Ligand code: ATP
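Take a look at this one chain, the form predicted alone, written out in structure tokens.
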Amino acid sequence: MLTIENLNVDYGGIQALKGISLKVNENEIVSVLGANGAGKSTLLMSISGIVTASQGSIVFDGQEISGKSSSQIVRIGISQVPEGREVFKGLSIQDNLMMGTYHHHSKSTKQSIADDLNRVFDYFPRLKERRTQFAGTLSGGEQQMLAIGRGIMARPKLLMLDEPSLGLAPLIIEDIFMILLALHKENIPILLIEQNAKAALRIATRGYVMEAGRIIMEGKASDLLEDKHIVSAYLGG
């Protein structure tokens, strides 16, 4: 579904990504682990077209997408849930969700969009209860639910999430990761950037570890959970 080869990204005189190669197959959850500053968010922004690569290839669903605009990339099926939620605080929950339909709204029927809304509300009943409430009045966990729901409304072929558990209570984190598993069962591939390595690897198919802009390790998620380096550096062992 997604193949990245030898991806390099420069910020001014600093090379943020150094020869990154990874892939996400159909029906996979792939987790990318790493400390702050490792380049994880830059990787997602490169895929989304927010950051321009200086070298390398990004192929999605058989199509080269490096050099395409963010709006073009959303239209071909990549949806990103950004770090920090980035909801529209002055809009209601429902209007925030409808923003996720922007690229396909004119081609969709009222019924199909209503079905999408009901699907999101099935995942997040709390959002349904408060659908007219301004997003800025929600808790951090509720805003994260809303950001994920907005990503689902875009009907993604690939869903990318940047630190969805950041700053959230353990019970909310558990709920969110259960939703990601449910989406996985709907055959939506997921690329997950996450510092909570244990939680991420427990739901993932495969994983990559980044340090200083490079991938230093990759493998099956179950193998990474048992790896001494991963346990020592990321799992608190």
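Residue positions are given as counts along the sequence shown, with the first one as 1. Given the structure is predicted, the values throughout are model-derived calculations rather than measurements.
Below, we refer to the form predicted together with the ligand, which is not included among the displayed structures.
- Heavy atoms within 4.5 Å of the ligand in the predicted complex belong, among the stretches 23-31, 52-60, 178-186, 37-45, to residues of 37-45.
- When you look in the predicted complex, the only residue of T205, Q195, S66, S70 with a non-hydrogen atom within 4.5 Å of the ligand is Q195.
- Of the heavy atoms in I14, some are within 4.5 Å of the ligand in the predicted complex.
- Among residues of the shown chain, E163 is one whose heavy atoms approach the ligand to within 4.5 Å in the predicted complex.
- By the criterion of a heavy atom within 4.5 Å, E86 is excluded from the residues contacting the ligand in the predicted complex.
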